[in-house]
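In structure tokens, one chain follows: the form predicted alone.
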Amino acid sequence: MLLPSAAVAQHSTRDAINPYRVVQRSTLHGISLLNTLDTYLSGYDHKGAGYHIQHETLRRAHTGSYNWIFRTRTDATLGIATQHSNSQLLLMASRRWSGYHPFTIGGNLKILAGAQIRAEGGALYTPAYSNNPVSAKAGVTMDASAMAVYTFLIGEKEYRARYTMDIPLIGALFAPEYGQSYYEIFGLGHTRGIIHISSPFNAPSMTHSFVIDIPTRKSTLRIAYIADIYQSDINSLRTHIYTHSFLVGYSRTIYKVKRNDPIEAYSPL
């Protein structure tokens, strides 16, 4: 459904292929437009750009009478933003583990609904602020996640468009008290009250992504747009990190061969 059933060279063995051993992997690179605000450091927005990399793996699974799609996704952004003469460095990374149950609507449109665990962390660093130049970010959330996948033909080639939305529902995040320095936390051990429960009420965040797969002669070209909206308002400290990323790369399909598998003896040569 979301994954091709076999490589082109394997038409003669397509019926023998176990779809639950097919894995699709992609690696994308691109640029991000940044807008950051962290009142622990400053009361002003910083705007800039950076580099974004994403790696994603999709695979099918079967449990009882249910079919599932499992996804793992890793994102990292390194960028610089400015506010007048002040510069701010940003490093953020996240890892997502998602599971979806598919529903077919018509012949070409499929909807997938599921849940996701997300772990993310990073830091904002502003050299001009000598007293507290760093604001660290760390958190774990349970998200609601959904996909819409549409497959269409142009000529004889099959294209696939995918929209994904992730909304954090509940989790835990690191947030110091207003005016509390990291020396107090890590040097003096004043760690009480630095971990808080996050929810849409104090950390309304979401991620939107749109991906289109374009078949080429030997592989699949993938173009993506990702809007990542991170916000929090805890201990009278407000934070937002908005990134709009434009990525391009390739996806590839891998078949995991096991001993005595019918495809093991097949060779396209």
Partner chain sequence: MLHNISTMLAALVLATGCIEEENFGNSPQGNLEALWSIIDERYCFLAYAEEQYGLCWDDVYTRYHKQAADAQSNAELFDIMGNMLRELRDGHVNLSSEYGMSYYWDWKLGYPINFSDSIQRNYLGKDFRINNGIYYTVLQDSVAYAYVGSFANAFGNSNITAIMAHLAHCKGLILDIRNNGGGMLTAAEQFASHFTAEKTHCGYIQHKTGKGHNDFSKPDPLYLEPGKGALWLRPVVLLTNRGVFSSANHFTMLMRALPQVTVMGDKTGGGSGMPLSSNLPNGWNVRFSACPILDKEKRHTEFGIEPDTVVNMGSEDWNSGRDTMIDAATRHILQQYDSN
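Numbering follows the first chain given and starts at 1. Every value quoted in this text rests on a predicted model; they were computed, and no experiment measured them.
FYI, the form predicted in complex with the partner chain isn't displayed, but the following is about it.
- Heavy atoms within 4.5 Å of the partner chain in the model of the complex map, among the stretches 73 to 81, 139 to 147, 92 to 100, 153 to 161, onto 139 to 147 alone.
- Each of 131, 206 and 232 places at least one heavy atom within 4.5 Å of the partner chain in the model of the complex.
- Among 34, 41, 224, 69, the residue placing a heavy atom within 4.5 Å of the partner chain in the model of the complex is 41.
- The listed set 123, 105, 119, 197 contains one residue whose heavy atoms approach the partner chain in the model of the complex to within 4.5 Å, identified as 105.
- In the model of the complex, at least one heavy atom of residue 238 sits within 4.5 Å of a heavy atom of the partner chain.
- The shortest heavy atom separation between residue 178 and the partner chain in the model of the complex is within 4.5 Å.
- Interface residue remark: residue 169 is counted as part of the site for the partner chain in the model of the complex, having a heavy atom within 4.5 Å.
- The closest non-hydrogen atom of residue 109 lies beyond 4.5 Å of the partner chain in the model of the complex.
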